[in-house]
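Below, in structure tokens: the form predicted alone, a single chain.
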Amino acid sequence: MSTEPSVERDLDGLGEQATDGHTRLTDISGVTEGRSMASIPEYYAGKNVLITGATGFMGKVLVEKLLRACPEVRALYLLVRPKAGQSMEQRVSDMMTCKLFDRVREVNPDFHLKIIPISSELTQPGLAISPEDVEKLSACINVVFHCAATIRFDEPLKHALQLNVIATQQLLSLAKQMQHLEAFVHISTAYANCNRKHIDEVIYPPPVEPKKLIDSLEWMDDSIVRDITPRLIGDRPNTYTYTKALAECVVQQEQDKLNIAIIRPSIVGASWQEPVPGWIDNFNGPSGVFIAAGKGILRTMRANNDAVADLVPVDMVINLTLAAGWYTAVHRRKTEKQKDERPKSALVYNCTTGGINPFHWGQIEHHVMSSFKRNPLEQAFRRPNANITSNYLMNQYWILVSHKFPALIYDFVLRLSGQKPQMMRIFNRLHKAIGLLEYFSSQDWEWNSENMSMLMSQLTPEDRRTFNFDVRQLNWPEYIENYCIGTKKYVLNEDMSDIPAARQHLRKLRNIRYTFNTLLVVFIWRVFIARSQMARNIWYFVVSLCFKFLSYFRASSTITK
């Protein structure tokens, strides 16, 4: 396997080798010629699209955007597995009833007729797709969007390998049977190569040959694999980034047979504009951290205030993904007409914000706290007041004082009232989740995004508006405000009309805090300090000074009146 992308590119004269040896997109065809091509909605009209991971966060947004912005698309085939006692039909039906699809529902109430679920299981040979469905997909699919993956950072290596690498291999095998396939778009992650500080839009050499690793782990007991996992993943922080790097290698191995694009989003957050600002449906990534901070549970987090928080809205990622599918297919078709026999190379798009429109963790902390004080969550544990620090000892101190000590008191009260203690368990889960994020919140990366910029230049003005992924337009304070409101409305299902009651609850918590702090000061002085004559003298001096100040204040108020 070649360790660097091919210098040549199957893009109608759009491939050029940069001076550093990396293949990048260059605009030889020109904007004028690009605009003579079919627009993105025109391209997807009449197309059959296969989507994996459609019931996940990004998959749902992809399905919604395709149906709304490309209404003439012929059909969307979704690979879905039965889960938690639900059939695949039930899961798809539940997905289509959520608020995400309200805009599509208004325009086309029968949009569900275009959605065709296909029974599949990523952990089974051949993805457990029936022979009849394989034949159907092979005969009709034009574009594949591979979104399915496990995003758990602490996933056991064997399971992560199965879902992120082996399943990708099997989907590629199916894709090679598709007679009318024009584009295969693989969703990776910008952190697949997080062991590097500067990341270009290229596929880097894998940490190990995927086939060799798969063959080696096949016979090993799970306990053995668990023991050797740290040595295998090396300088990567978890099995997620490790297996996503291997998956890119697997995709690259098929680039001479398929027309491939790879999308690398960074930390995917709530929607920016579409279908509604702030839409989010899960606790993953920053969403869970925001909610914990808004509830007053999270009071401290170890992160670098000055490090770039490379958040990217989910609708921007999906817009780029659809544009990349269009661009990959259209330029491949033009190349075939010219009978260009040059070898193909997968085109990589780093979908990030830090290098173009940076926003830092310290700024996020400020705006999240401000937002939740204006729009508080219901029944908060304490008032929102999180603190970010990069110092390990300070973080441990605040964990003890602001997390564990209050949790012990709260659980003690629950025991006295005959209820089951739960707060310490919640904090332990929170600490585990935050610990998994520390690697990404404590350092910076530099991502090259030339291909993303060039793809934008190839869009018509109308397509740029409809499929906007220009991160320069992102207003961060407004986005974070909508993100926080989105967690309240769409994740916690709280009503915005209850905000006055939530604010009243915060005021009550503030009064409780002031009362507790006052009693604590009195207790410390009276029990530990006031036993000595000097301490008593200081005590009486402070109290008398306070009385004098109050008397002066009252006298001044009377004179003023």
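Quick note: we count residues from 1 along the sequence shown, nothing fancier. Here the structure is a predicted model, which is why all the values come from computation and not from measurement.
Beyond the structure shown, there is the form predicted in complex with a small molecule, which is absent from this document and is the topic of what follows.
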Heavy atom within 4.5 Å of the small molecule in the predicted complex - the one residue of M37, L506, M58, C70 that qualifies: M58
Counting any non-hydrogen atom inside 4.5 Å, which residue from E89, E462, E446, E121 sits next to the small molecule in the predicted complex? E121
Within 4.5 Å of the small molecule in the predicted complex by heavy atoms, the stretch out of 201-209, 261-269, 109-117, 396-404 is 261-269
Does the small molecule come within 4.5 Å of any heavy atom of K488 in the predicted complex? no
Answer for T189 alone: is it within 4.5 Å of the small molecule in the predicted complex, judged on heavy atom distances? yes
Even though the small molecule is not shown here, does R105 get within 4.5 Å of it in the predicted complex, heavy atoms only? no
Would Y240 show up as a contact with the small molecule in the predicted complex if we use heavy atoms at 4.5 Å? yes
